[in-house]
Ligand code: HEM
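The chain below stands alone and is given as structure tokens, in the form predicted on its own.
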Amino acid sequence: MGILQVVAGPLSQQFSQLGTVSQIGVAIASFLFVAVFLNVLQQFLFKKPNEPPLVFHWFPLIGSTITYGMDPPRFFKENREKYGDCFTFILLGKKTTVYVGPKGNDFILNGKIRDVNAEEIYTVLTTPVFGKDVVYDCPNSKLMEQKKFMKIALTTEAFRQYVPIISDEVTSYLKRTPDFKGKSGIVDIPPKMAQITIFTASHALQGKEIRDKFDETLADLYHDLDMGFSPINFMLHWAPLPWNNRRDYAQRTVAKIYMDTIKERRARGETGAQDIMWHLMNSTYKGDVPVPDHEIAHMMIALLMAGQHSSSSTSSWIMLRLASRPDIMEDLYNEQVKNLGADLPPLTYEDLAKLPLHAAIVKETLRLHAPIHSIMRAVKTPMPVPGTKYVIPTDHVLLAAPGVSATDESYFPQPDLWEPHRWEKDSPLAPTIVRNVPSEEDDEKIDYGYGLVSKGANSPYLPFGAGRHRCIGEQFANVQLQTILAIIVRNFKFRNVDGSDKVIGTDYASLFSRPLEPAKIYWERREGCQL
């Protein structure tokens, strides 16, 4: 006790003399040191024969280079080679069991609600971003009702209306943005795609009245919301850290826009446009309980976030990949001319079905650049792993990484090659899931409360997840991305600034991966550009 007092006394006095920022820095550094120490100690001392092999590593955080000593997909692949599809590592002081491959995807993502739980894992991240009482800040049964409310915005008839809206938004943006003035130029493409996707998603999904309230700063606000998903926020979501302060300001600002709009509509006593906000204002939960206004505002944030963050990242990767392969960009242009006409008339929803290479571009980009590299679930009951001696106990977290099977040469020949033509059935690089596996339309369907969806977790290709938490905006994302792509291809040619075929690396600072920035490309207007 005397030694502790001798050491702790001066340290405590020195700590109290530090400024607030320095105290926070020391506290974080101390937390990381203790976490690393406990992480290493636990890996040495606590191994059980009926649990998956425990991977030794130094770092207890997830989602950044420091987490694994490398990027997450590489971490998963290298340890899969050593230990097999199922292994465990220490994450934030908890044993986290990774189960990769189609069987792992199915085991975790189609796990029964009594066995696995997403809310316990993600609410600390999603609640500060979306707001209270929605998504993971409510019981699963309520979340399923909220998803059902959203389905009204995701019908085929809605998509028919969205394509002209998205086309006009993209065209208008390219016309007014200084970075695309002139005959050619160089542009940092990810910030531009973030703005394009936020404008197209807000107008299509939420209507003109909401869209007109937003300007270019909205993309910055949603970027700040996105950074609320920083991995360290699993532990420090409450801390007054700079990115959390920006997250909270963005959440308040965006929520106020929606709340003010709801109040204006109620004051007018008008239905206004028959959009998703109007639908939510007139919806009820089971028992005829009206949806509270703050939940409407928070669902609107969640809807736009779902329609923006993944599409922003994916559209940026598409443009960067096209800049590395100008030949593919010409193939896309020629596909439009051949199938839609040399005059390239206004794009319609039905036109998208005539552009299979455009669809393949989206598929192939999502295969190599899945926006979410790690999908986690809390274990609620001990879970035997079929065909093994392993039983996953309730003090573990389960982690699925669908991107591992999406880049497995067992399913995708030359898996690291970005080649959209591989999705053609006669291609020598065609995925085995194209050659041998029935289409998703033939898969078993299940209704979790918001309509029938494919179970589909046995597939090695799951860019939108699977099970009850599968992204309901998958079809919208495809419509949005293909439309944005088609309009840009009509008007521009891209290449890398240095003329190479290289592609920039991936930023894993958030749980949602994106291109490292700046990511600049060279653009040139086509002859007969419609802008």
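On a predicted model such as this, the values are computed, not experimentally measured, just so you know. Note that residue numbering begins at 1 and tracks the sequence as displayed.
The form predicted in complex with the named molecule exists for this protein as well; it is not shown, and the discussion that follows is about that form.
K.L.:
Is the named molecule close enough to V170, I198 and I521 in the predicted complex that each of the three has a heavy atom within 4.5 Å of it?
P.N.:
Judged in the predicted complex, none of V170, I198 and I521 sits within 4.5 Å of the named molecule.
K.L.:
Report whether the minimum heavy atom distance between L205 and the named molecule in the predicted complex is within 4.5 Å.
P.N.:
L205 belongs to the contact set for the named molecule.
K.L.:
Does the named molecule get within 4.5 angstroms of any non-hydrogen atom of S310 in the predicted complex?
P.N.:
Looking in the predicted complex, residue contacts with the named molecule include S310, since a heavy atom lies within 4.5 Å.
K.L.:
Give a yes/no on whether V503 approaches the named molecule to within 4.5 Å in the predicted complex, heavy atoms considered.
P.N.:
Result no; V503 lies far from the named molecule in the predicted complex.
K.L.:
According to a 4.5 angstroms non-hydrogen atom cut-off, is I361 in contact with the named molecule in the predicted complex?
P.N.:
Residue-level check for I361: no, no contact with the named molecule.
K.L.:
Though the named molecule is not shown, can you say which of A158, L366, C86, M277 has a heavy atom within 4.5 Å of it in the predicted complex?
P.N.:
Contact residue from the list: L366.
K.L.:
Work out which of R377, H223, K95, R321 lies within 4.5 Å of the named molecule in the predicted complex, going by heavy atoms.
P.N.:
Among R377, H223, K95, R321, a heavy atom within 4.5 Å of the named molecule in the predicted complex occurs only for R377.
K.L.:
Of 321 to 329, 256 to 264, 136 to 144, 384 to 392, which is the one stretch near the named molecule in the predicted complex, taking non-hydrogen atoms within 4.5 angstroms as near?
P.N.:
Careful reading of the contacts points to 136 to 144.
K.L.:
Select from 460 to 488 the residues with a non-hydrogen atom within 4.5 Å of the named molecule in the predicted complex and write them out in sequence order.
P.N.:
Residues within 4.5 Å: P463, F464, G465, R468, H469, R470, C471, I472, G473, F476, A477, L481.
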